[in-house]
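First, one chain by itself: the form predicted on its own, in structure tokens.
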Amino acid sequence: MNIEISDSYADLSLMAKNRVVQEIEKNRRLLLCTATGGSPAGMYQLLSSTYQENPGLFARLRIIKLDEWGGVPMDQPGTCEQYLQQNLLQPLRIPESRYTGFHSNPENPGLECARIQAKLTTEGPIDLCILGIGMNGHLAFNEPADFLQPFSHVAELSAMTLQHAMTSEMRVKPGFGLTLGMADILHAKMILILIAGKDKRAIVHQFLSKKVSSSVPASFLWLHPNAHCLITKDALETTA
């Protein structure tokens, strides 16, 4: 894994945006897998600015949503859907025909995961996967466990994950997660994981140990031949 350290979150966001733009320039039909949360938000804002300067760059871009909170209305604030609509899909004018995403409140969550997996089989593999790391080391909603699921699945969310800032906005709290699996992620041609902030120091220490374990799902990225980690300096510093 290639590790790049930035002095600030703004620098990390710019580095990430530049990497994404470079990949889209190489492949205009790029399939981009998108995470949500605080880590990629700055990068998405910069991509929106790039669209204003060069809308044609994104005319064929395809997007697949990495994961979703389950059991909550699709239009509820705090869902991954609302986040992506506001931060990426609408600013880049991505139509429904070029977007694949889990429904947050499906009648049959298992069938919904099967639908996404079938779509990924047809459209994939992912060209570039944007990731963050959970406070407990989860990757998407692949939570620490004795074993990890390879493909799209319904995930039991940990207590720590359920305390995520995104859920504070929700009237109805999620009862489960819908997520791409570890094989779906690791089959991506390129992976870009963004890590920012001193609150991630403890899990960053475990992640950077290079010990691959299902107790830290993000550690499996060390097995990928084209994974890049952009990390802010404050996420690395240890407390005195």
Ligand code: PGA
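Keep in mind that what you see is a predicted model, and the values were worked out from it rather than measured. All residue numbers are counted from 1 along the displayed sequence.
Below: the form predicted together with the ligand, not depicted.
Can you work out whether the ligand is within 4.5 angstroms of a heavy atom in all three of Pro125, Lys189 and Leu192 in the model of the complex? No, because Pro125, Lys189 and Leu192 lack any heavy atom that approaches the ligand to within 4.5 Å in the model of the complex.
Out of 168-176, 208-216, 35-43, 55-63, where are the residues with a heavy atom within 4.5 Å of the ligand in the model of the complex? Residues of 35-43 come within 4.5 Å of the partner.
Just to be sure I understand the contacts: of His164, Arg98, His103, Lys119, which is the one whose heavy atoms reach within 4.5 angstroms of the ligand in the model of the complex? Here the answer is residue option His164.
In the model of the complex, does His153 come within 4.5 Å of the ligand, counting heavy atoms only? No, His153 is distant from the partner.
Could you tell me if Ile133 has a non-hydrogen atom within 4.5 Å of the ligand in the model of the complex? Although the ligand is absent here, Ile133 would touch it in the model of the complex, with heavy atoms inside 4.5 Å.
So which bits of 183-219 sit within 4.5 Å of the ligand in the model of the complex, heavy atoms only? Going through 183-219 in order - heavy atoms within 4.5 Å of the ligand in the model of the complex - there is one hit, Lys200.
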